[in-house]
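Just one chain is shown here, as structure tokens, and it is the form predicted on its own.
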Amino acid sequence: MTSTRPPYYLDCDTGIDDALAIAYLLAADDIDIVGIGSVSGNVSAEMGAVNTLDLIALAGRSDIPVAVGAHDPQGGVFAGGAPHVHGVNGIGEVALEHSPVGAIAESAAELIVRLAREHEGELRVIAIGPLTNIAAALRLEPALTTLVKELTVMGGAAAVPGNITPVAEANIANDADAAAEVFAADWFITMVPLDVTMSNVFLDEHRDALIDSGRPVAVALGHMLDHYFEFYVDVYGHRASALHDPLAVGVALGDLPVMSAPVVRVVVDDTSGPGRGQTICDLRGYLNGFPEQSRAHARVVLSLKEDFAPRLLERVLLV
């Protein structure tokens, strides 16, 4: 029997905020998670797949196919991830019981293409890591832009500084060539940048609620966040964490009331200069309500109408 629930594919580099995003996605009972792919970013694609498999197994969801994606960015070599942010294992040194199933034989790019063909015009793709797999899938299937219904990308910085260079956000900068290819393609993209993800945070009260719940996934996430919070002390001046990836999932699911999200032209700097990885968003219409721009196909989420943290906590406690 064919499901009437919308199909979603998640592409991730499972570190700590990816783990929160996966939990948020698992809590949605009105969608079908038809596949997850890993990509090198926070950790290697191989480690990201292990983390993903172990986390969804902890949630009792070993039925979701997980594919290992690209290890290296286009034209480069994987730089080793961000152990200072996410820990050596990507999930704050929390040891999860290993999944009883492994990754599927297909690559993440192959999985994306197959799912897009199987769910033509219906597949929603959420990319919360570098865009290497998405670009590879585009090259495998040039018609992907018409097969996919929606593409949501956690990445970039529109009117705020970057977090890996003065102008570049990590997911985009870690494979600027792939990002440039994806943003240049003829499809509609919802971009969830640092402008909104850095202004929505988890605090110790949220972490404590996860641990106090006694629910296995929530408890594991709470312990992961302890590591993540320590990194962000130098960013916020106190223990907290940005909600990059789960916020992008919330936007993709249509759960979040958006205050400002203009549709504008976006170009990714893929040159070798100091601007490499910058998402150049044409925000010149901000004084006039962002009038329609020709050739614009990126919806850039700049702000929400409410704080995301309470909604995220509520949803994760359902897993």
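Everything numeric here is computed off the predicted structure, so don't read it as measured data. The first residue of the sequence shown is number 1, and the count goes up from there.
Heads up, the form predicted together with a small molecule isn't pictured, but that's what we're talking about next.
- In the predicted complex, the small molecule lies farther than 4.5 Å from every heavy atom of Thr145.
- Although the partner is absent from this view, Met154 contacts the small molecule in the predicted complex, with a non-hydrogen atom inside 4.5 angstroms.
- Under a 4.5 angstroms non-hydrogen atom cutoff, the small molecule in the predicted complex lacks Val217 among its neighbouring residues.
- In the predicted complex, no heavy atom of Leu111 sits within 4.5 Å of the small molecule.
- When contacts are defined as a non-hydrogen atom within 4.5 Å, all of Asp17, Ile128 and Glu169 contact the small molecule in the predicted complex.
- With the partner omitted here, the stretch from 242-250, 206-214, 133-141, 115-123 that lies within 4.5 Å of the small molecule by heavy atoms in the predicted complex is 242-250.
- Only one of Ala103, Ile189, Leu194, Val201 lies close to the small molecule in the predicted complex, with a heavy atom inside 4.5 Å, and it is Leu194.
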